[in-house]
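Given next, in structure tokens, is a single chain: the form predicted on its own.
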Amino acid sequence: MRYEIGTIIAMLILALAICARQCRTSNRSMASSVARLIDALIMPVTGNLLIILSGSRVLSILGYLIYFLGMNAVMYALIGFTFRYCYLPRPGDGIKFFAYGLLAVDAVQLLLNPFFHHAFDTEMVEVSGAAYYRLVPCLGQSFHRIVCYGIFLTALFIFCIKMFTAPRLYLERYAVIFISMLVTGAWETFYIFSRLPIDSSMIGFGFFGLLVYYFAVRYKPIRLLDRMLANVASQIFQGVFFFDAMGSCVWVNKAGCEAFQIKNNNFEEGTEILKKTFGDIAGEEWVRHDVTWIGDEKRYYRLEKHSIKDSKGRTAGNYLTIFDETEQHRAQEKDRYNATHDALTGLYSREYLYERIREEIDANPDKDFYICYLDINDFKMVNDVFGREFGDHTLLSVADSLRKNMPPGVLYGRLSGDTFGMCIPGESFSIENASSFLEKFSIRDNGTMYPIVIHQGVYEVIERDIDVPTMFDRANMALKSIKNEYNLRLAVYDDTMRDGALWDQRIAGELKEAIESRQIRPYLQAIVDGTGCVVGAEALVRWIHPTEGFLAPYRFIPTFEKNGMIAQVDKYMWRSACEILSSWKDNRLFISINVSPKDFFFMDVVQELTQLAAEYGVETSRLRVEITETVMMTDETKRISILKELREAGFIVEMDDFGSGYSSLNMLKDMPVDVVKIDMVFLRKAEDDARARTILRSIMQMTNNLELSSITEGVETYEQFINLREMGCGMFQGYFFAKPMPVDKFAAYLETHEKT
């Protein structure tokens, strides 16, 4: 019996050594902890083998010493393994350090036993016909057993707690180690109390080491994995169907059962339900998209089928994953809708309308089309008077009216704030119907009808290859021709408008060269006093074109006012005026220059004029600044501030065309001006000449009372001159005295009319 146990223990030592070596070559996270525990187990088992096989007292004592120190090593490795295997938090380090301290003290007292004999001794007994030295425990041995059992029971308690607190899926992981520890501890305890000479419990220690190696390093918990995978599959949001090799459905997760109404785990009906919903689902590996109806709801799915292979590569079954992409598809549709439709009205956005019109024109080369540009007249006033909410209601009403009244095949959308665009097939377009629609248009709000004026410009698509925005520009050009008309609601683009657009493009492209080569030049019209002597002049722009000849201002000024290039023209005229003033010997003469409302958007007018006057050495009072009331139409406070700056810099500010507008008197109250230029044109239109003279006399008197100078423009007869002078006007300008003339001719005129 003695040698049989020894043989078993020797084989266990060899097995443990092999396991320890395997742990050192493993990349498993637990391998290092397991290797330390197995190395520690080899030590007491080896000591016990030495005791069993030795018949010598000295060797037996050495074996017991190795045995007891080995148990300390086992407890040291066991506490580390337990904390690592059970994933205990960092606060558990205090327990470990306390246990390590006790083990260190115990090891020291065991090593001192050969000198003091306080821990253990031996006594000879006969076992299997040979001498065997049995352990005789002393006080130090009791301390050793208390330390080792205390640590062992602590580890056992930790595994017990983990068994009951960890999820049931992990029960197997802790239960096997716990039971093997419990059996080994019970076996060792039986040996201690039975006083049997041979400690066969070391066999239990050996098997414990093998079990730890297997479960911590080699073991793959198939049942655990199966249950985990089943739980994962049950909890994912997609429906998952598993089929055997014959194509029969054997399992469906929770999401699949709910989505396709499989009840009571009746998985067998899954195959038929899928065929009914999606059609043929045969095959091993494929991906496809399906659109189907579930009840009254249209739903979108992506189906992915995969095969399951056994170890020999044979198909053991299949699983089908069904992704419900309905919400993603709806979100994409919503994003596409938002990208192509106006947020307020729901009509096509401008870019998408252009795209759809281009597609429609290209797809129907033999079909006629009309591009229509609609604009709500005075929409800003609608917003200002009735409020933003009513303005939005107006836009929605227009959009709804387009939906209700436009025939099939018409493309329409919102171009910008208060403008809409349409593309109408030729067979559906009628000027009469369109005009009737516009004239009768009104909106209802809280039971009240409000008439809304809408103008429409129309372009017949003759040049099909031009881009769609250009087509709408032409329709808009037609609309602008009737923008201020209330009786006309519709205008059609024609060759005259086309020629006008081409002319605008041409002269805009030639402006830079015209300025550099002085094709554009100043003409001067004399301003005289009450004696007829010249006191100054107004600088008026003229263009001597190399091919078109003399261009009157009306042929190019409106174009430059629209595109903002008037600022370049004005800046050039200001410089020319300064150049002329610097060449005149009489420092009493002045030149009036015109400032357009657009100039304030493109430059710092005060700084520009001040620098020019300084550059040419001209007194700022000789460079008079003419503005019209339209300058004040936007940002009145800022414009008044600029005029004050001009006057502070020494410039004389003149209000031009007084009386030609509707708010001149109101403007005069607030505008910081020095001179009022009265336009005779509005008096010529008066039917009652006496009344006109009365108004004119009142204006003269008012300007004098305001301590403002006055200049009357448009004086054409001697009689007008005399009457105006008698009324109190100080300066005059008009054809009676001189027409606008080139600078050199004005110099000659000046010699005979200059004040001496």
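It should be emphasised that the depicted structure is a prediction, and the values quoted were computed from it without experimental measurement. Numbers follow the displayed sequence, beginning with 1.
This protein has a second form, the form predicted together with a small molecule, left out of what is shown; the following refers to that one.
Each of Met573, Asn594 and Tyr735 comes within 4.5 Å of the small molecule in the model of the complex, counting any heavy atom. Looking at 93-101, 479-487, 563-571, 359-367, the stretch with residues near the small molecule in the model of the complex, meaning non-hydrogen atoms within 4.5 angstroms, turns out to be 563-571. Only one of Ile198, Ile454, Leu395, Val541 lies close to the small molecule in the model of the complex, with a heavy atom inside 4.5 Å, and it is Val541. Glu626 is the sole member of Asp418, Glu626, Glu645, Asp324 with a non-hydrogen atom within 4.5 Å of the small molecule in the model of the complex. The shortest heavy atom separation between Ile203 and the small molecule in the model of the complex exceeds 4.5 Å. Not displayed here, the small molecule is kept clear of Pro114 by more than 4.5 Å at the level of heavy atoms in the model of the complex. In the model of the complex, the small molecule lies farther than 4.5 Å from every heavy atom of Gly730. Contact between Gly247 and the small molecule in the model of the complex is not found at the 4.5 Å heavy atom cutoff.
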